[in-house]
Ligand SMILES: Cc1cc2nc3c(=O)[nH]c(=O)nc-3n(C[C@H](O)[C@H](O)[C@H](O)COP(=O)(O)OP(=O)(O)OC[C@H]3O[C@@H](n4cnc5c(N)ncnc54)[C@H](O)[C@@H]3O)c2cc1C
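The chain below stands alone and is given in structure tokens; this is the form predicted on its own.
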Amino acid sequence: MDEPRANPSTGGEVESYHVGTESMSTSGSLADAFSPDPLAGPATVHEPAREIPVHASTDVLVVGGGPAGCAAALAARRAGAEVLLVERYNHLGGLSTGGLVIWIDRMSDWSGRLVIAGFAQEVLARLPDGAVAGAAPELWGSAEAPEVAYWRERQGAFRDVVTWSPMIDPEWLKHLSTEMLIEAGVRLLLHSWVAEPLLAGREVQGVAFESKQGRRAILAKVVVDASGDLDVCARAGLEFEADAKSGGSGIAHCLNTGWIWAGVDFARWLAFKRDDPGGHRQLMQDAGDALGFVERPVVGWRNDVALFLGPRLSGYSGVSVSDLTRVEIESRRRMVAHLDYFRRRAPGFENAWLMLSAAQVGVRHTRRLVGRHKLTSDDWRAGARHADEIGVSPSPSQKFANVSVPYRALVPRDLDNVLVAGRHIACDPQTQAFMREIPQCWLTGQAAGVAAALAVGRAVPTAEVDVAELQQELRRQGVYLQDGGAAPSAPEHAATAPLAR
């Protein structure tokens, strides 16, 4: 998460969601020699019209198997719909697994109450012992200095408050995400890349996708765009917002490929930081001088594993194939340079070895929906509680109440049978900074899945789903809504911790 930082031009406060975002980012530096850009002049080829085989037909089609897509598929199936999920990679979980974003950001609010629950709560509770690590429930909301200091080093304290922000084993989350969907009766297509929506007026009747079997089609009554980049809606010609590189917007547009090292003694590294702060500062300064940029290590779900989210490379676009290629290559070059330096200089890293680099590039923002309601910082600064609330997010600061997330932010303005879920919902840049996190994607995904099932069951456009019925089903599925009800109970694995005190 980000601490707010002063805006020197206004003297005001800017909300963002990675501590020290500016210092953790660096300009991308690779030249274009190995990756061609599109030709400067007009050049096209003709693609003949063709008949596409229909591969499958379903009630609800979920495009994308990241956090939002997994939650949407399971929720829709549990609400009674036939569901098919299409995912381009060989696994589910998206950035929380393949992207190595194994730090699951805050799910508890400033009082320690668990507010992001439902699918999010269930999936963490079902991870096996040793695959999830975080503060015990009785510590959530604690401002005691020793607890805050301990959990800050483990990504579990924010703004001097202990939170439920666990670390997870990505391989177990891949496996569990898949098994939960199969157990519920969701049908899956992996290794399948959705290419184009099949548009008929204000409806998307399905999609064309590519795989090793060539181009095929899937027909659906309702489509959930959980692609992360609003691919279905953008390809359907919908208006969207994309101000990541316009400057001054507050959007974190940097990209990164993370990595994990094993063979680490993280307890020794933390002792060095604690007992020799001057030596630690000098080491990191020297590393920055030697490497051009230094990425700090984060403890994983066990103390012999270190996570590096990777240098946040700015100046690249998450929807440019050339830029994505550059980010992958540059990130891995920096990974190898970091390993050499840390092995030679950093206590606890002498025997570190490359365990894994992320299969998915870390993209924070590309496009945002233009929907029925744009969730903005004005909403949550004023403590607005929306009548069509479908979930609750912790607020960026103790100054603000929990953030009420409206159903209308998931509903496109110009399509009748599509919903969106994940980092591209309708919101402003300041709100996207936290609504893009893994728990918030689970939150919007679950709501989109339930709403999609209700739209199919009642044969109504997504904009006309009965909100009371939607909220009732969400509560039945364990989602917390601000109706005066009790907060959900804590996941049973919450008492585990990655390091002994």
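For every residue, the number given is its place in the sequence shown, counted from 1. What you are looking at is a predicted structure, and each value in this text was computed from that prediction instead of being measured.
Beyond what is shown, the protein has a form predicted together with the named molecule; the following relates to that form.
A.B. asks: So which of Arg364, Arg368, Arg334, Arg326 gets a non-hydrogen atom within 4.5 Å of the named molecule in the predicted bound form?
C.D. replies: Answer to the contact question: Arg364.
A.B. asks: Let me know the one among Arg113, Arg88, Arg216, His280 whose heavy atoms come within 4.5 Å of the named molecule in the predicted bound form, would you?
C.D. replies: Looking at Arg113, Arg88, Arg216, His280 one by one, just Arg88 meets the 4.5 Å heavy-atom criterion.
A.B. asks: Among Ala68, Val101 and Asp231, does every residue place a heavy atom within 4.5 Å of the named molecule in the predicted bound form?
C.D. replies: Yes, each of Ala68, Val101 and Asp231 comes within 4.5 Å of the named molecule in the predicted bound form.
A.B. asks: Which one of these stretches, 169-177, 121-129, 354-362, 267-275, sits within 4.5 Å of the named molecule in the predicted bound form when only heavy atoms are counted?
C.D. replies: That would be stretch 354-362.
A.B. asks: Taking 4.5 angstroms as the cut-off for heavy atoms, does Asn256 touch the named molecule in the predicted bound form?
C.D. replies: Result yes; Asn256 sits at the interface with the named molecule in the predicted bound form.
A.B. asks: Quick check on Thr431: any heavy atom within 4.5 Å of the named molecule in the predicted bound form?
C.D. replies: Taking the distances in the predicted bound form, the answer for Thr431 is no, it never comes within 4.5 Å of the named molecule.
A.B. asks: With the partner left out here, check for me: in the predicted bound form, does some heavy atom of Val450 sit within 4.5 Å of the named molecule?
C.D. replies: Val450: no, not in contact with the named molecule in the predicted bound form.
A.B. asks: Though only this chain appears here, would Leu443 touch the named molecule in the predicted bound form if you measure heavy atom gaps against 4.5 Å?
C.D. replies: No, Leu443 is distant from the partner.
A.B. asks: Can you name the residues of 381-407 that have a heavy atom within 4.5 Å of the named molecule in the predicted bound form?
C.D. replies: The stretch does not touch the partner at all.
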